[in-house]
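Coming up is one lone chain in structure tokens, specifically the form predicted alone.
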């Protein structure tokens, strides 16, 4: 297993943790750091000896320090030490305290797998049906209130929305959360970002309001929809897919999955991690979602620029892109290989149109472009292909991407939301780099 500083930074919970870890990247601060086929370990001195263990099979980690950040600075520092000074780490057999930890992890993983294979406990169908009916009534009431709110908004005109505070949107979103329609609540909060965001914001606002109204109508008539479209609509409203439903109806795809992009967003004291992957053989693209409260670590370690062999199970829907690891069949590998294909802008937009025809509420999708360059015009930035077609860009540092590629063509990977392209990573001269 190989580490790079870029990979370690992507794993860090925040930039402060990276800065703190960099102060510990010195061989003299570590006692007996070691590396084996299955683990990386070491004891960080400096007054208190903190034992750090990293499972190379799935990038799990452990440290006995009192930090509430995951991974802590000691875990990050040990990986940085391996990335910058590999000669300082001895290649040897794992000591007992590391072997015991690894064995416990393997036992827990096996117990979890065995539990999933056991027959499910009998379900109280009557009680379950009652809970579903009660929630359906709450959601219906929430949709009714939202409909009245939207009618009042349209009658009053959208020009006044420029002066509305965030509470105008948040109050309505909270009512939807109380009605157990959290998905709709998120959409309403997203509307708050549209006023004054661009010259054409009134048109964008009307488009989003129209899509929201269409979603409400579709939910009210969900019995007439196809199973896949019904699944899309219910998930957008806020219904979740249970593990049992996922196992029963999800498609399983086995491949070597290259993680080409990742974004972490904080909202309502929770963090959401969005990771995009592509299969080497199938060229199937997948969105891996993880959630964590506060500063806690995410359940699984998913690092951009790494390759994870395994089986993904895809959630039901018309455009199946969300997935989760059902099984990891090999060790995570950070040695980049040319897994990524790419499209021209025209080809991508054609594929995107087909996806929208199936699911008109598709919020984002992955976008992999090849043979593109960065261009600017009238202060706006674009990614342009060899045919001269372009997509508007949204990123923090356009000049960094421009300077890294020197104006030459490269491959660019990221997300498209229908309006702008948000780069996540790029491939230039055989080197994979994460966008800032």
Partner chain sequence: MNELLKAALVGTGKYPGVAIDESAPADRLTIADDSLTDESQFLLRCGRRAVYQRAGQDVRSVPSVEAAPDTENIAWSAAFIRTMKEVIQTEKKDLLPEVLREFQAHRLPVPVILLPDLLDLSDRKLQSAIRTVVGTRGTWLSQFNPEWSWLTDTEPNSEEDIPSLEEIWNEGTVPQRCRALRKLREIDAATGRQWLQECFKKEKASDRKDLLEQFASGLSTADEEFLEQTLSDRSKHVKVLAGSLLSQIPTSQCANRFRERGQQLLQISSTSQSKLKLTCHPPEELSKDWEADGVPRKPPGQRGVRAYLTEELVARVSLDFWQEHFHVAPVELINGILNDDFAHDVITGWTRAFMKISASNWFEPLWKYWSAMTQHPQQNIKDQASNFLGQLAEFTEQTKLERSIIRLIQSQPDPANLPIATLVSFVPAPWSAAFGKEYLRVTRGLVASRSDRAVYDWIGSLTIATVALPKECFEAALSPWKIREHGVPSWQLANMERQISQFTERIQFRARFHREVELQRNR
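Predicted, not measured: the structure shown is a model, and the values here were computed from it. Positions refer to the first chain, counted from 1. For the two forms, the rigid core is made up of the largest set of C-alpha atoms that agree within 1.5 Å on superposition.
There is another form of this protein, the form predicted together with its partner chain, and it is not shown here; the text below is about that form.
- The shortest heavy atom separation between residue 61 and its partner chain in the predicted bound form exceeds 4.5 Å.
- The shortest heavy atom separation between residue 154 and its partner chain in the predicted bound form is within 4.5 Å.
- Taking the partner from the other structure, its partner chain in the predicted bound form has no heavy atom within 4.5 Å of any heavy atom of residue 69.
- Contact annotation: residue 147 falls within 4.5 Å of its partner chain in the predicted bound form, judged by heavy atom distances.
- The partner is not drawn, yet in the predicted bound form one stretch among 61-69, 29-37, 48-56, 381-389 has residues with heavy atoms inside 4.5 Å of its partner chain: 381-389.
- Think of it this way: in the predicted bound form, its partner chain has a heavy atom of just one of 159, 129, 90, 244 within 4.5 Å, and the residue is 159.
- With the partner omitted from this view, the residue of 360, 299, 86, 95 that lies near its partner chain in the predicted bound form is 360 [heavy atom within 4.5 Å].
- Annotation for 384-407: interface residues with its partner chain in the predicted bound form are 384, 388, 389, 390, 399, 400, 402, 403, 404, 405, 406, 407 [heavy atom within 4.5 Å].
- In the core-superposed comparison between the shown form and the other one, the C-alpha atom of residue 425 has shifted by less than 2 angstroms.
- Comparing the forms between the shown form and the other one, the C-alpha position of residue 84 differs by 2 angstroms or more, with the core used for superposition.
- Core-superposed comparison between the shown form and the other one: CA of residue 404 displaced by less than 2 Å.
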